[in-house]
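In structure tokens, the next block holds one chain alone, the form predicted on its own.
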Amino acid sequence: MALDRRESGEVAERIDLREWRERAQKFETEVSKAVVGQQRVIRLLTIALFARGHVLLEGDVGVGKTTLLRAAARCVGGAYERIEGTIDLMPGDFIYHTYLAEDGRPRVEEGPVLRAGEDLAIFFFNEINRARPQVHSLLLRIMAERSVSAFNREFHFPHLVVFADRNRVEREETFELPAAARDRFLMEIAIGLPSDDATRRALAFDTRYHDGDRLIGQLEQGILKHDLLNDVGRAIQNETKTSDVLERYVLSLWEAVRNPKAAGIDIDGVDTARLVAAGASPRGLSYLVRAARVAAWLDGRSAALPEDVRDVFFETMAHRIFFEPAYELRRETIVRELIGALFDRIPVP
């Protein structure tokens, strides 16, 4: 199906969603050349890109998060920037940096957010929980509005998608993200070690995977044309339908997440009546539907099905379910049991 794309002063251009599905498949194939054994992660990242949502990556050190994003950035096109989270990082470090030039005079240059201007497509915040809350606040502004105020003017980043990851090992000098910050991320995607022995062997012994720069440099550039993704994303949302039955199913899941005891959900060792402190904002529910529509489109369907909702439910909703303090330390286990029980309890239409 094709839709008109019009921008001010431009000739109408056709968006062929079938052609773009082929581009998406080619993107996944190309990224998988650099990041092996992570097909589901790559699919979720593809969904996020077309749903135009930001992503928080979870995973231990050295599992390939940076390689994944560098590969994705090359295949998306546009500019890629990153910043390292540190205890002394300040909001201004996003915008500018100062130094002494060779003539001894101070100079000010644009920081990583401003350096590429409107061409910025992917921004990676490494170890976001090492940065202070005031830094998180600036990031929220950039994520929510894709703009920032600096040097007495407004800068806009219309094609921007933000990725971040957290340091899960150290606890000292870290600042966990508040609920408002986590809710801004469309997905939290976990990246673990590949499960099959052949892939693990290749990562350890195949020298192709020991030189990340060369590996990424061999990938095709600009497969997805970053400056068109907003228009393609809107077309996907407009053309991928949801039925009344599916909408009732999603609302039933939402109600059960917010009040699991009333939905008849039982978890061993957990008082489900006192489990959820807050759960699944309306924004989170809209993100779930957006992601499900993209998942359906990638599978070649013109309407989202319950399986699409279930396929992206954990990554889009788990981080939006906040437990009472007594259960928060066991969150990783309990949230999986809760969602599993949710799927068992709420009948699929």
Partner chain sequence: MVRALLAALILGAFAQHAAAEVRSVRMIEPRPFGYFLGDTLQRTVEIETGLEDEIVPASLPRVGPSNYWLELRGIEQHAVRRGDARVHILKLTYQMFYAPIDPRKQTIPAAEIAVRGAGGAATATIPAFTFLMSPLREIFPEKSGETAETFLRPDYPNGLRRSGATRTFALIMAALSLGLLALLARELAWWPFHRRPARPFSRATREIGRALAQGGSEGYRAALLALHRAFDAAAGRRLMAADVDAFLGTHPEHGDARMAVDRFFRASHAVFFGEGRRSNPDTFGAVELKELAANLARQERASR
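Numbering follows the first chain given and starts at 1. In this text the structure is predicted, and so the values were computed from the model without any measurement.
The following text describes the form predicted together with its partner chain, which does not appear among the structures shown.
The stretch that touches its partner chain in the predicted complex, counting heavy atoms within 4.5 Å, is 237-245, out of 264-272, 237-245, 74-82, 221-229. Residue contact with its partner chain in the predicted complex: residue 303 places a heavy atom within 4.5 Å of it. Although the partner is absent from this view, residue 310 contacts its partner chain in the predicted complex, with a non-hydrogen atom inside 4.5 angstroms. Although the partner is absent from this view, residue 155 stays clear of its partner chain in the predicted complex, with no non-hydrogen atom inside 4.5 angstroms. Using a 4.5 angstroms limit between non-hydrogen atoms, residue 96 is distant from its partner chain in the predicted complex. For the candidate spot formed by 37, 206 and 209, no residue has a non-hydrogen atom within 4.5 angstroms of its partner chain in the predicted complex. For the partner-free chain shown, 343, 344, 345, 346 of 315-346 come within 4.5 angstroms of its partner chain in the predicted complex, judged by any non-hydrogen atom.
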